[in-house]
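Next up: just one chain, as C-alpha cells, the form predicted on its own.
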C-alpha cells in the first residue's frame, strides 16, 4: 500500500520543518540572525491513465486522467534577509548595518567570511575583531592611547587621542553585497561563506548606491517573529499528526485485508 510510504515522506518533511522552526526560535536573541523557512515539493507521480489519451474509436479523449502522487520532499531551506530592528548598546565598537551589505571577516584559513553581526571588540593589538577574534576587513587598528572612537555612516573610523585636538582617521570599513544573498552558505558563529549560487561579492563604501549605512553604538537584532514561529510550529505539529494518522489507517486497512479468507 503506497499510502504507508507517502505518509512516511510527509512525517519526514514535517520533522525537517520543525527542526528549521526550532533553530529560528533558538536564535531569537542572536545578533543579526536571519530566520529560515523550509519549502517542499511533491514527489513523482504514478500514472494509471494519462490525460488526453483516446478513450473510444470515435476520438473522445480522457479529460483528466488518473495520477497518484508518491509524497513530498524538501525543496529548499531558504534564508529570509529582512532587516532586524536596531538595538542600542552604547558600545563604541558595536555597529549595525542599516540596509544591504555584510561585514567582511578574515578567517584563520585565509578565506573571507561575511556577517551582519557587528558586535565587535578589539584584541590585544588594538585590531577590530569579531567575538571569536577574527579580524574585520579592511583591517582597522585602534591606537592604545585612543580616548574615543567614532565611526561615521559611511564607514570612516576616527579616533581621538590624548594630547591631540583633531581626530585621526585610522581606516574605512567596506561592506560586501551579493546578487543572491540566499545562496550564501552558513558556517555558524554568525558567519556566511560565498558560493557559486550567491555570486561573487561586490565591495563598496557604506552609503553608496545599493549599500547600507553604518550605525555606531547599535547592533541588529534577529528578525525572528516569535508569534509567527509558534504558529508555524503548531501547523507543522498538526500536519505531522495527520500523516501519522494516515499510517495508522493504512495499517488498519492492511490488517483487514489480511483477515479476508480465501
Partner chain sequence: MDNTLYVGLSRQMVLQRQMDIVANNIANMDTTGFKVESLMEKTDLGTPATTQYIPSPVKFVASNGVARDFGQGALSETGGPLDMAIDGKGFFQVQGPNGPRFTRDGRFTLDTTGKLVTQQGLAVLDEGGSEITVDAEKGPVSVGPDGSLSQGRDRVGKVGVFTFTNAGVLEKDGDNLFKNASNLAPQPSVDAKVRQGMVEASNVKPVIEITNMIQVSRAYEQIAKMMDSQADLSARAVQRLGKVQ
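Residue numbers count along the first chain shown, from 1. Since the model is a prediction, treat every value here as computed from it, not as a measurement.
One more form of this protein, predicted in complex with its partner chain, exists but is not displayed; see below.
**Prompt:** With the partner left out of view, is residue 230 within 4.5 angstroms of its partner chain in the predicted bound form by any non-hydrogen atom?
**Reply:** No, no contact at 4.5 Å.
**Message:** So in the predicted bound form, is its partner chain close enough to residue 54 to count as touching (4.5 Å, heavy atoms)?
**Reply:** Contact with its partner chain, no.
**Request:** Examine residue 14 and determine whether its closest non-hydrogen atom to its partner chain in the predicted bound form is within 4.5 angstroms.
**Result:** Taking the distances in the predicted bound form, the answer for residue 14 is yes, it comes within 4.5 Å of its partner chain.
**Interface membership of residue 71, its partner chain in the predicted bound form, 4.5 Å heavy atom rule** = Residue-level check for residue 71: yes, a contact with its partner chain.
**Asked** When its partner chain is placed as it is in the predicted bound form, which of 72-80, 140-148, 115-123, 159-167 ends up with heavy atoms within 4.5 Å of it?
**Response** Among the listed stretches, the partner-contacting one is 72-80.
**Message:** If you apply a 4.5 angstroms heavy atom cut-off, which residues in 184-213 are near its partner chain in the predicted bound form?
**Reply:** Those in contact are 196, 197, 198, 199, 202, 209, 210.
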